[in-house]
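One chain comes next, on its own, written as structure tokens: the form predicted on its own.
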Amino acid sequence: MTLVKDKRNLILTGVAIGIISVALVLLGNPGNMGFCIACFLRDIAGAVKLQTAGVVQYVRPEIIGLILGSFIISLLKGEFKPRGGSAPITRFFIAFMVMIGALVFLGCPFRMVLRLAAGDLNALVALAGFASGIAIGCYFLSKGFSLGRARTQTKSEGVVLPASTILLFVLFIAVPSIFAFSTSGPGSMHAPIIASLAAGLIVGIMAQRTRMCMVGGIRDVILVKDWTLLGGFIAIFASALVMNIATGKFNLGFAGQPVAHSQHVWNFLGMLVVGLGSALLGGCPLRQLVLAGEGNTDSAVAVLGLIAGAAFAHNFSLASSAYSATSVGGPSIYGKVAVIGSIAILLAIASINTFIKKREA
């Protein structure tokens, strides 16, 4: 009975999130970017001047709402239990590389599903890379890979990230002049603040209650043949697909997709990095934000790693450029080297960790 209820709740959550995501595009967010953890953290990094790419700078209320939604509902349900201390430095750098892979593809797993639901076939190539990365991660998990056990933390430690997001939002509303804001490009496109914040709160609450995680969904299918978690993302795809078709936002093909490129090898490899890194972290970027809201300081460290990775990627020209009338887009040589390097480093981390765990056992 519990399993049936879990599946039902995940599907209902996925349907709601898919509708919300397309609605945010209709309200002003960039095309196929109603919700994107990687893109929105990158925009926030730009707004606080950690990176200086003028077209991707904006304080995204969706991220603030997502963390606060998870924080509030976990408090109300007695699930706010701060814990952490499990390989924080390793987690930081794994998340750092996950963000580099995401910005080479131009989107997180969440946006990958939304892009596919809008007809962007580049996301299909990325999905293959993402699943391949998770499969590699599952191999190491089955061999004993672990970043260690989290330990109980103080309540004050657990509220640091949620409190920081509240402070960020207050400053965003009260003294916007201290932030950088894009006047063109994706950073200049956004839904109304209240709608964005409300959407984030709803997604944060629903994702916390259902434990939604795309990496966890594919991992469970590979390791235990359980499709429960993946059902939520299938529902996001289905509801977003219906919404896109109904609103004329569906455009099937590879070329001309918003904030995307068709360099297939790098779409594949970029998301392979995301899949592998997220499998080692124990959750996708969405799940890391939700866990951080619950007081998980390991996930909070991962969120900081994602932000640092976004800043580094744009400051050092690692992020891909999007397709335009004058360019086919894609990663620079620096971005390509960073992706290959990230794969090598992640494999080294996984191999060394697994070897050490075997020796300890």
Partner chain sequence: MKKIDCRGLSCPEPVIMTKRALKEDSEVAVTVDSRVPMENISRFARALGIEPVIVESDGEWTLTLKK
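Numbering follows the first chain given and starts at 1. The structure presented is a predicted model; accordingly, all values stated were derived computationally and were not measured.
Here the subject shifts to the form predicted in complex with its partner chain, a form of this protein not shown in this document.
*Asks:* With a cut-off of 4.5 Å between heavy atoms, is Ser142 one of the residues that contacts its partner chain in the predicted complex?
*Replies:* Ser142: contacts its partner chain in the predicted complex.
*Asks:* So in the predicted complex, does Lys81 come within 4.5 Å of its partner chain, heavy atom to heavy atom?
*Replies:* Answer yes; at least one heavy atom of Lys81 falls within 4.5 Å of its partner chain in the predicted complex.
*Asks:* Answer for Arg211 alone: is it within 4.5 Å of its partner chain in the predicted complex, judged on heavy atom distances?
*Replies:* Contact check for Arg211: yes, within 4.5 Å of its partner chain in the predicted complex.
*Asks:* Is Thr247 close enough to its partner chain in the predicted complex to count, meaning some heavy atom within 4.5 Å?
*Replies:* Judged by the heavy-atom cut-off of 4.5 Å, Thr247 is well away from its partner chain in the predicted complex.
*Asks:* Heavy atoms within 4.5 Å of its partner chain in the predicted complex: which stretch in 162-170, 192-200, 220-228, 123-131 meets that?
*Replies:* Among the candidates, contact is made by 220-228.
*Asks:* Name the residue from Ala135, Val265, Ile72, Leu147 that puts a heavy atom within 4.5 Å of its partner chain in the predicted complex.
*Replies:* Here the answer is residue option Leu147.
*Asks:* Could you check which residue among Gly107, Gly232, Gly282, Gly158 gets a heavy atom within 4.5 Å of its partner chain in the predicted complex?
*Replies:* Selected residue: Gly282.
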